[in-house]
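Take a look at this single chain in structure tokens; it is the form predicted alone.
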Amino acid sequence: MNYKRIPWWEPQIGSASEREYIEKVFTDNYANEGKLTTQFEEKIAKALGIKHAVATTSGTNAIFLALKAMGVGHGDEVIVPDATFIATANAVTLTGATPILVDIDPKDLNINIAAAKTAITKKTKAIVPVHVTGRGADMESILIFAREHNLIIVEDAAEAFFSKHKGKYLGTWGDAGCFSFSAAKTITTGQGGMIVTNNIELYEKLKPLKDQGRPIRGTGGDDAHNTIGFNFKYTDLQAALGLGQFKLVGKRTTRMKRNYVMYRESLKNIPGFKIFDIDLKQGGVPQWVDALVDRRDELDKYLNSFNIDCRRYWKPIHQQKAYPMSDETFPNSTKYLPKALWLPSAFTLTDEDVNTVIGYIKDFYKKK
């Protein structure tokens, strides 16, 4: 039997607005980083109520650049939660510093502050809290912790675009916040990232750092290169997609919240199945809907047999060969990540799609 595919996530590009902006790129005959990139940066900054935004090639490089611009490098240590996409740790490694993995809080899978406190050494320079699936980490405690130890805070808000913690946008709490525009995000430009900050000194360091050390956009010829820099520039083609999709953010996030509410209300009484909390009233936006699931892999295969896509959580970073450590140091991530599952969460879903998924999940637990 052929079942309609229900995607875990599905990007959507090609709107009339996107095409208008892309046509402008063609008309201007300038596909590199230019006026549209600046416009996109300004639009993001204004929407988040923050002073500065810097576009770059990916969320990974956004974290790297933010840390690098604040002096993180060889010999330093940076605290990173064990539950995150490995890109967070890789961004730290790219600076030359060492990522120090710490355990997570079972209630939300975000960084465990108590574990972070035990990881402090004389070499600790920064902390990178990750807002998993749009759920804000405990930023109040992190701010106090950072002040006590003179730590830089770079928020990995890749999964938290337009999501708030206690009414304040995630990514705007620390020294810098970093977003991603990869394919599985509310706005996608294929790849791409954004750094936001209120710190003018940091902003003035970021611009040349991502553009070969040039303080202003150059010609490629007789330009001033006052510092060492790299090539992590955005492009106006990407910015055209971002600007066009920006108009759809409200509609998309409304649908994403609707998905969450429907799952939450319909599946709340199933033993062995718990959807994580997110505070919608305080402005939380679930990038995806996730749950702790008994017999996760069985449920995933069951849903897949009906052409329903889910996504299993990452392995704990400490279990990856790139950053191997003992399970004993990470009891929570070791226990809970193998049970965590992202349900179909695309903003392209309909109520009928979500109800179909709900029905099959209920059937699975009745049968099992």
Ligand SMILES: Cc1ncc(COP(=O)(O)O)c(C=O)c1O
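Since we're looking at a predicted model, the values are computed, not measured. A residue's number is simply how far along the shown sequence it sits, counting from 1.
Not on display, but discussed next: the form predicted together with the named molecule.
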For this session: Check each of Asn110, Ser266, Ser182, Thr253 and return the one that places a heavy atom within 4.5 angstroms of the named molecule in the predicted bound form.
Result: Ser182
Problem set entry | Contact residue in the predicted bound form, chosen from Asn259, Thr197, Thr84, Gln238 - any heavy atom within 4.5 Å of the named molecule | Thr84
Seminar exercise, completed: Answer among 140-148, 162-170, 87-95, 268-276 for heavy atoms within 4.5 Å of the named molecule in the predicted bound form: the stretch 87-95
Exercise. Given that the partner is absent here, does Gly192 sit within 4.5 Å of the named molecule in the predicted bound form, heavy atoms only?
Worked result: yes
Exercise. Closest heavy atom of Ala176 to the named molecule in the predicted bound form, within 4.5 Å or not?
Worked result: no
Exercise. With a 4.5 Å heavy atom cut-off, would you call Thr60 a contact of the named molecule in the predicted bound form?
Worked result: yes
Exercise. Do Val80 and the named molecule come within 4.5 Å of each other in the predicted bound form, heavy atoms counted?
Worked result: no
Exercise. Which residues, if any, of 136-169 lie within 4.5 Å of the named molecule in the predicted bound form when only heavy atoms count?
Worked result: Asp156, Ala158, Glu159
